[in-house]
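Single chain ahead, by itself, as structure tokens, in the form predicted on its own.
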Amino acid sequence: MELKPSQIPSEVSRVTKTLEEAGYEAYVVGGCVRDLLLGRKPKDWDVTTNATPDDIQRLFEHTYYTNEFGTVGVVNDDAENEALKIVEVTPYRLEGSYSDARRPDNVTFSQNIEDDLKRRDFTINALAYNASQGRLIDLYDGVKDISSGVVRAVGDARLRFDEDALRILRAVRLSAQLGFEIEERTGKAITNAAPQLEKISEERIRDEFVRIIESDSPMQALITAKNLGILGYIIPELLDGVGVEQNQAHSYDVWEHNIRSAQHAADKKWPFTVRLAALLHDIGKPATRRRDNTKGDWTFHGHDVVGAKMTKKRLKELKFPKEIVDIVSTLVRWHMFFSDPDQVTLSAVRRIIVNVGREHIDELIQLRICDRIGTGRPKEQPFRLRKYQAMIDEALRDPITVGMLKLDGKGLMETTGEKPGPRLGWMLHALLEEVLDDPEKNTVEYLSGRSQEMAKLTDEELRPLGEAGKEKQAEVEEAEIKDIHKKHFVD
């Protein structure tokens, strides 16, 4: 692994060069160095220096300084990339005790970068690179751990987690995002320090949990969290599913079914709401499991209703935005939306669409697919699900009616002088037939002129035109439905 100065964006180089030209040291540091070594695109850029906050602010025209820990945001007003609009610059620093297990009680600025690196959380983040010298500082074998795919605490692991308990979740999140293993001693220290998470705010726990679910490997991260004894501080309801055997349709217990469902959503790159709903969709099963001695199997009647309430309660406690709480709990509530589409009517499908919302019906279908894969079945979309999707598309389809016409009944009466009655209906359907054959005719100008011609016809002449229009309407509707069925392979 080798870094080159050319890998540092000009917006970041401008910051480090300005500091160096003023006589200070300057290094890009932390996660951005790690990501460069991994060939990943950094999401943000951090610089460390022996300059003080006052020095930093004096050197740059546009900065902000809003915390007591020394970090100055240097704003690149002309940067097009959002990740480069702000480069955070922090003086080398030593930290005092952490009485709240989250932030140091005080910080002391230092002149030695070694002091700064030894306070970092993990070896893969304790890396500093000076582009002008082409110098990489790696005091704790971070490059080796990157090569080995290991998350290891800097120095005394238990001390690192006692300083900032959020690092416990960060270790799991990094392992999920990078596909790394947590080093054994670091893992043991996490287990021992787990109770410290009680001191961390729900918002902070939520933020790390979100990053875990948005990663490529949420299933492995959740297994790691369970094995290290920290899952109970995030979503304790998931642990209730461990060892809870399901009915014969499932290959896994409730716990494994839920995390496998979430992993499939991640594999498909589906939205966060689907991933979260997939993880939580069956958390109501342990509370509703009953033995059916007649069938010799387990039942879970009402687990969707119970699970939705549990989901809403947990997400509220984690301070998720109301929109996320509502969407995810609604998806959980309605995830059992069909059993046999041969017995489901279009009106029932329309009710589901109303319950979930037109804008979220695709997410419900995706959740259903995750649920199926989570059972251990290899096929995403069996015939029954494809047929239900076809019914949803049919229910969502804009109906073909005279309401499509640019000239409505009121306009027709004003144009022709016709009164409400059969003639008006015949006229509207006759116009609809013409528009279905040639959509370009659907203009007020054309329809007005054509309706005036129709108004001169007798009832005997006008009635066949109206009936032909109704037949054309039915023909087009039938063709559209056939296309929907063909799209979903349910002809």
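Only a predicted model underlies this, so the values are computations on that prediction, with no experimental measurement involved. One rule holds for the numbers: they count along the sequence shown, beginning at 1.
Another form, the form predicted together with ligand ATP, is not on view; read the next lines as being about it.
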property	result
Contact check for K43, N125 and R167 against ligand ATP in the predicted bound form, heavy atom at 4.5 Å	yes
Exercise: R152 in contact with ligand ATP in the predicted bound form, heavy atom 4.5 Å	no
R120 within 4.5 Å of ligand ATP in the predicted bound form, heavy atoms	yes
Contact label in the predicted bound form: R289 to ligand ATP, heavy atom within 4.5 Å	no
Ligand ATP contact at R368 in the predicted bound form, heavy atom, 4.5 Å	no
Listed range touching ligand ATP, judged in the predicted bound form by heavy atoms within 4.5 Å, from 432-440, 419-427, 28-36, 453-461	28-36
Position in contact with ligand ATP when the complex is considered in the predicted bound form, options R314, R211, R158, K387, heavy atoms within 4.5 Å	R211
Contact assignment for ligand ATP in the predicted bound form, among R173, H264, R333, H257, heavy atom within 4.5 Å	R173
